[in-house]
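Starting off, we have a lone chain in the form predicted alone, written out as structure tokens.
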């Protein structure tokens, strides 16, 4: 039997972060993962993260995964892949299936960071090829370079649904619709807005009734549901799709702590059955700890900080750090975690449907909550929208961030201090009186792609609008296309006058288009000729 000071089960964001923290304090750490590659979900995630610098905001998930893996290996962490942990027994004995044989290990401490599994819903035809989970779609696209299909129905409007919907468009798919049984979009409004301005419709209070096809999906029928979640007769709609993508939530993978004898609780706010843990993520079984989605469903940024908290606690428990250093680290990590858990999307409010105001007192956009885009009349009241007088002075950032999301890269990157958020990262961004350089750093760094540059002084009767652009191929300067508004409705012809791509932008091009001046506050997407309807 092989002994290690710390055994981590799961090489995802939480597990690697916990391993790094423990190893950095001098502990001998071994990590098991059943997959062929480490990193968990991170290597599927090509979008930029929210938060602040300490949360690795504006970094893409796969780059964060690369950094975590390199740091862990550099600290001497041993990672064994293709290793399935099938049980944790008395005295922290771990049984691992490696290939066709069993191996037996024992850990002074064990960290369970097994992540989560995708939920599914059943409906007529749900077993047809072409009905896939959102995670499977990400794996196909971002790991294997395969397009799941041509036209997709996305079931679920949470962050996973809208983020994967955007990535499907990047992969060349069209999104026929995003549906959700709830009356409001569940994910961040900025994520929904990305696909709404590409023409993707949202059908809320709708569910899927049937998948059509014999050998594979050839269509779908959706139906409206009432307040009791019952189908409304006569409200059926048929959609021409070849993929039905399910993004209907996640459930913690918590079988191992249950088998280890940890006390469990059914906690809907954490996604289901999870072990009871203290503030240091230790379960009711001494020296067995949790981290990440296995302890409760959250974003990957939160999982990484949870891993740090766990690794720090174990180092202290086994005498590798003194009380003062431990307390300082724990306070720092807990503070960072609390920031991510604040705002209108925190655990205890994400299920509420009665949210009407931001924490500053602004009325939330109803069209953003129900259709995925901001109306011009609603937009004008928010502090990130400059006045008409200010816009006439030259290049001006238009910050269409109207929900209390934990994120502040725009404030950090602005060299002129034009954008203010303050110490509380869930505050809405505010435009200051400083003059904008037009550098576009805020546009490129915004994880929600919610910042645009408008120059109403570009030419007589014409404005220049700079937008974030992450589709390929990039249109060249001089290209003609169609400018679309926030709802994806074509406004008319637009011309690309400038394209900026730099390493700092990390794949986000800054596309500047020339439009009639009356469209300056409306044009938010450029549709080249090669992009069809809905994407």
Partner chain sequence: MKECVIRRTAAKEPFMAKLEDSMIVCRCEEITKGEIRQAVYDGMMTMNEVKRYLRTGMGLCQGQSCSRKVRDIIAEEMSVPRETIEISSARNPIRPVPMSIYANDKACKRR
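Keep in mind the model is a prediction, meaning the values are calculated, not measured. Numbering follows the first chain given and starts at 1.
Beyond what is shown, the protein has a form predicted together with the partner chain; the following relates to that form.
Judged by heavy atoms within 4.5 Å of the partner chain in the model of the complex, the contact stretch among the candidates 421-429, 375-383, 325-333, 99-107 is 99-107. Put simply, of 344, 413, 253, 225 only one has a heavy atom within 4.5 Å of the partner chain in the model of the complex, and it is 253. Taking a 4.5 Å heavy atom cutoff to the partner chain in the model of the complex, the contact residue among 457, 84, 284, 363 is 84.
Proximity of residue 357 to the partner chain in the model of the complex: non-hydrogen atoms within 4.5 Å are absent; the residue sits far from the partner. Residue contact check for residue 273: one or more of its heavy atoms lie within 4.5 Å of the partner chain in the model of the complex. The partner chain in the model of the complex is approached by residue 119, whose closest heavy atom lies within 4.5 angstroms of it. Mapping the unseen interface onto this chain, residue 388 falls outside it, with no heavy atom inside 4.5 Å of the partner chain in the model of the complex. Shown here without the partner chain, the chain has 258, 259, 266, 268, 271, 272, 273 in 257-287 lying with a heavy atom within 4.5 Å of that partner in the model of the complex.
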